[in-house]
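Quick heads-up: it's one chain on its own, the form predicted on its own, in structure tokens.
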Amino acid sequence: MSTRADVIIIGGGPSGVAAAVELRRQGVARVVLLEREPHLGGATRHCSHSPFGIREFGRVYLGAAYGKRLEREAGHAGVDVRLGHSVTQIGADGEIAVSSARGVETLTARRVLLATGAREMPRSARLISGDRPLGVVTTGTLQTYVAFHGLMPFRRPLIVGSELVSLSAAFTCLTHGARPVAMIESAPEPLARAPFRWFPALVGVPFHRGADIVDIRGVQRVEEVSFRRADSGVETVACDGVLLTGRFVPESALCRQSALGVDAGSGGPAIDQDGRCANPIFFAGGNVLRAVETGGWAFREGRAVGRAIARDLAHDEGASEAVPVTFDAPLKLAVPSLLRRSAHAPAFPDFQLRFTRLAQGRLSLELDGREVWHKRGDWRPERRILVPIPPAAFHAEHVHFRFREGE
């Protein structure tokens, strides 16, 4: 079987749905949205908390209700939504191999948008040693158990991580009959610094920074965990589960398996200021670009990229050669990581930067060796830093972020 579309969107989360709706609003006729799950909404469907939808829809939704609103928006816009469709391969000419209950089919499109989102890093990728009992899960798995099955997989978990999602995970536990024995973070400071000043003490859960798991023990399920603390050696706590939170990575397997590849810093596809990849047929938006932003941020990003794709289809001006955006350590990533010559307003008006660690110093932007922007500060790891893209950057041959520590 085969289908020809103007645009195929892979991923039915906030970014993919927003792009699909915007494409239809801009008059693009054949927009196909592929989602491997039985419903749209992406990770937001698993969230039993709010707020979602304030800026997009002018009201507050819980995660599941927000997902249903996205489904309604796609339906009203006339998007060809195909649920239960898993993309297995993407081709350089816009061919998409898809597996579903109908079998395997090939879809083709003039443009393809990758909106596959991000996922939390599992135990295997964290290289945590020890036994392999039941009860070691990520936040996404926990929220799936709770939201869709009414189950809590443990009663006394140890929570690993100190991001905003770690607070969401703790809140889910506390509101569904589980009391965490402790929260630990391997970094010397929590990543969500302000909330961790008061949240653990408020709910009576010990919080240990500079702590790494060294062993998980249990036969049928988790029985105890040992972790090493920088200030007091190894400590062992009795618990019945380990909840791994945060440390998100882009869901970019399709890129890795194709000629698109991934950006070494972000782990997602490299894009220009309109969300266009190195192969001009492909675009990307949302959390596949860098992990991880809010659902609202991904929605707005998807809408902007959808608008850029519609303009590209209408004018078909072709893509000029891309100039890479380079940076000094300890910067981790820059999105967009490519720039192309352009006369229109970009979908991404700002560079999005992140640091790998806490750093103090002078950050500057250089175009062809000339400094056009700078700022001094204390730069925290994994925090979004926005730098407006100057118009001259689209015509520069060398774009570089320089960092001088201690200045």
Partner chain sequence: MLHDPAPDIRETFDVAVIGAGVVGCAVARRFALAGARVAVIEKGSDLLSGASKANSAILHTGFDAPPGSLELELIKAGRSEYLDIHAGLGLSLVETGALVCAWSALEAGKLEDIAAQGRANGIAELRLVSGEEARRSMPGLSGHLVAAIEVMGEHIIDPWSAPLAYLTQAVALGASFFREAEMLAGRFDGDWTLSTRRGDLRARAVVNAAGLYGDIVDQRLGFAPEFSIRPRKGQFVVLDKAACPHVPRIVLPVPTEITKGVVVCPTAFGNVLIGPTAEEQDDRVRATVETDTLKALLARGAEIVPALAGIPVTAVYAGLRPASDSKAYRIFARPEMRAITLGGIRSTGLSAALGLAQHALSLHAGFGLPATPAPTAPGLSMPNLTETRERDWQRPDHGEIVCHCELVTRREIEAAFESPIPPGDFGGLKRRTRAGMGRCQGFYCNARLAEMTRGRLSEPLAVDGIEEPEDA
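Residue numbers count along the first chain shown, from 1. In this text, all values refer to a predicted model and were calculated from it rather than measured experimentally.
Not on display, but discussed next: the form predicted together with its partner chain.
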*According to a 4.5 angstroms non-hydrogen atom cut-off, is L202 in contact with its partner chain in the model of the complex?*
no
*May I ask you to state whether W297 is within 4.5 Å of its partner chain in the model of the complex, using heavy atom distances?*
no
_4.5 Å heavy atom contact, H76 to its partner chain in the model of the complex_ = no
*asked:* Although the partner isn't part of this model, could you tell me whether R307 comes within 4.5 Å of its partner chain in the model of the complex, counting any heavy atom of the residue?
replied: no
_Interface residue in the model of the complex among E185, E251, D274, E301, criterion: non-hydrogen atom within 4.5 angstroms of its partner chain_ = E251
*Just one of R229, R311, R217, R197 has a heavy atom within 4.5 angstroms of its partner chain in the model of the complex, so which one?*
R217
*asked:* I have A125, F154 and H176 flagged as a candidate spot, so tell me whether each of them has a non-hydrogen atom within 4.5 Å of its partner chain in the model of the complex.
replied: yes
*Go through 252-260, 282-290, 320-328, 230-238 and give me the stretch that gets within 4.5 Å of its partner chain in the model of the complex, heavy atoms only.*
252-260
*Heavy atom contacts to its partner chain in the model of the complex at 4.5 Å, residues of 71-93 in sequence order*: S86, T88
